[in-house]
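To begin, one chain is listed below as structure tokens, in the form predicted alone.
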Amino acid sequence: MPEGADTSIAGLRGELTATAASLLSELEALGRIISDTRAQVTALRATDSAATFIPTATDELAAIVQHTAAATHEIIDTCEALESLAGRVPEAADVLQQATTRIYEACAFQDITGQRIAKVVAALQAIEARVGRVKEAVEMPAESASPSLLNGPQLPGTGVSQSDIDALFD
């Protein structure tokens, strides 16, 4: 190239074939997408509440299931006490038996609620794991200010391996 010639990508556009120019344009667009994604991941890291929201929600739901189960067991224990009392008070036995039966039936909510919350917890955990994998795949190392995927050709044994690149697309 003659001295003083423009060596930037923009300067090379005039010297490229249509196919090469199209490919270059696609690579530039991909570079912008990667840069935007990195900025979004950095923003996620900056707002710690986003990183703790799903685990906190999962813990809260698990606590709901635990407390609901404990309350249900307490209710059932109380019903058993009422049933034993019904045997000692024959004139109220039918009323007490009907009341305890209704309470037992109403306690079925705990099992159904627990099953539904368990499904939500599993979904949240799957989302959390996926978000974690995406963050790991696109996160810049703390010691590097420049994107490690955009450093060009690397020396043998350094840089990004093919398995790392494959993991980005999985």
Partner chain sequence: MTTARNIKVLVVDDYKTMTRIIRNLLKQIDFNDTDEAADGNEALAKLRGGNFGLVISDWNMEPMTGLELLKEIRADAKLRHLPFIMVTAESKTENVVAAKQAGVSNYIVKPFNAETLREKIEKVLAHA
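All values derive from a computational prediction rather than experimental measurement. Residue numbers count along the first chain shown, from 1.
Not on display, but discussed next: the form predicted together with its partner chain.
Shown alone, this chain has one stretch from 109-117, 54-62, 125-133, 31-39 that lies within 4.5 Å of its partner chain in the predicted bound form by heavy atoms: 109-117.
Residue contact with its partner chain in the predicted bound form: E105 places a heavy atom within 4.5 Å of it. By the criterion of a heavy atom within 4.5 Å, E91 is excluded from the residues contacting its partner chain in the predicted bound form. The shortest heavy atom separation between A137 and its partner chain in the predicted bound form exceeds 4.5 Å. Although the partner is absent here, I76 sits close enough that one of its heavy atoms falls within 4.5 Å of its partner chain in the predicted bound form.
In the predicted bound form, the residues of 69-106 lying within 4.5 Å of its partner chain by at least one heavy atom are, in order, A69, T72, H73, I76, D77, E80, E83, Q97, T100, T101, Y104, E105.
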